[in-house]
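In the form predicted alone, a lone chain appears below as structure tokens.
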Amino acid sequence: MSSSITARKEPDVVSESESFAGHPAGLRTLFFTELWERFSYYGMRAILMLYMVAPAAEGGLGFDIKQAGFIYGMYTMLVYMGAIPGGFVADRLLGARLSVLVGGVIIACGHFALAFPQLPSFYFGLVLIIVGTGLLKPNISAMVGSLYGPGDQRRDSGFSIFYMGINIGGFIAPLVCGYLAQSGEFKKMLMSAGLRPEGSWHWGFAAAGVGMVLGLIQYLVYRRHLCEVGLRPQKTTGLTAESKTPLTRQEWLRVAAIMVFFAFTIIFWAVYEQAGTSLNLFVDRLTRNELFGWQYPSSWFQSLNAIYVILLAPVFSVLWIKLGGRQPSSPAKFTIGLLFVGLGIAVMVPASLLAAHGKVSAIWLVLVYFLQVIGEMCLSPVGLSTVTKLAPGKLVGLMMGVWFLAASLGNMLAGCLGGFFDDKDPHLLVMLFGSMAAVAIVAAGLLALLTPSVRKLMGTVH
């Protein structure tokens, strides 16, 4: 008989001798690991587009906006697309726990590669981050799901807390990395130390790498709280009942429901991820970035989304628990998410018209991000939780990979759409932002109509 590998069955409920805000103690370990990994990702992302379009004389790469948008889109697409092979590797070979560790090490190496000014080092760093994130991202989310037994109503709440950790990292990162990359104060410090001020971008990238290292240290120190979750799959001789049993009809229907969510999630992220492309450029070139006469780095606006999530995540976490069985179904939450992301980007239509007469107030962006984060809280953490509930037990890693594939395609679209940004043509910006708003709002209406059918596909999963 040939040798095969089967995934280890996770326990229905892990040990809760210690707890974290009423949840399994392992949530603390994964919370802080993901916090620092997202610090590294969002710190780099906050300055990536700006670095690529900055003139060479200012230490940038001097790319035009379309080229930079394409590279940004390809990079962010592949970061999430890597979740599919990453989930497969965890399910069949390394296990989720080891995959997260190996992925984190590779991510850190990628950020440190970006700390060097040479163009080959830039592309090599992006490739390393893609590979590392593919291993880490789907598997740490799958491990969060494995902390809860079937029917545990804390699951959505746990993912909301986990999502708050992501955004604490996302809040701090642009402030730190953006300050190092863009601020005049830090450039003066470099000059006083005899270093090139235009090299400040690379200090921002290096800070992202330091963040990932801190996350890895924390992960290793507190891994004991994970108990049996995410251990390496066991090799067995012959085929086990689990590996040779085909999916049931109900399991296939649930996979079909995941595919419906997949399609609408692409639209959501294509609009939401304008934060790193067109909105980032709008802030940099068409917004008054000053407070009481003090000029702050434009990349700091990348912290706004995270601030809102930190404020709203506890609210939504408590809300879902209070509502219990009366809370909206997953398709209904997705519908609300699409509606609000559409309303958010629609705010950019009047802002673009005003930009024809000079730089606009930062209040416009503050409102855009607030509306979009309401949508995000209804879709993203709920989507993570829903996939872990719908996915067949032996395909959880792979289905998490499919979920992140939707994000990857959305990010690619976001990069391509962001490439049409032109700060000298306000009417083009009105068309760009208006079209995205219309598509998202229409998609919300369509999903609302499809909700009864999707709920049937989901079966007993709410």
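The first residue of the sequence shown is number 1, and the count goes up from there. The shown structure was predicted, so the numbers you read here are calculated from the model rather than taken from an experiment.
Same protein, other form: the form predicted in complex with a small molecule, not shown, and the subject of what follows.
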Candidate spot Tyr51, Tyr72 and His202, all three touching the small molecule in the model of the complex (heavy atom, 4.5 Å): no
Partner absent here, but in the model of the complex, which of 284-292, 220-228, 161-169, 144-152 has residues with a heavy atom within 4.5 Å of the small molecule? 161-169
Find out whether any non-hydrogen atom of Tyr80 is located within 4.5 angstroms of the small molecule in the model of the complex, and reply yes or no. yes
Is Asp156 a contact residue for the small molecule in the model of the complex, using a 4.5 Å heavy atom cut-off? no
Does Phe261 reach the small molecule in the model of the complex, with heavy atoms at most 4.5 Å apart? no
Any chance Lys137 has a heavy atom within 4.5 Å of the small molecule in the model of the complex? yes
Exactly one of Asn280, Gln182, Ser380, Thr335 comes within 4.5 Å of the small molecule in the model of the complex through a heavy atom, and that residue is Ser380
Counting any non-hydrogen atom inside 4.5 Å, which residue from Phe316, Phe301, Trp269, Tyr308 sits next to the small molecule in the model of the complex? Trp269
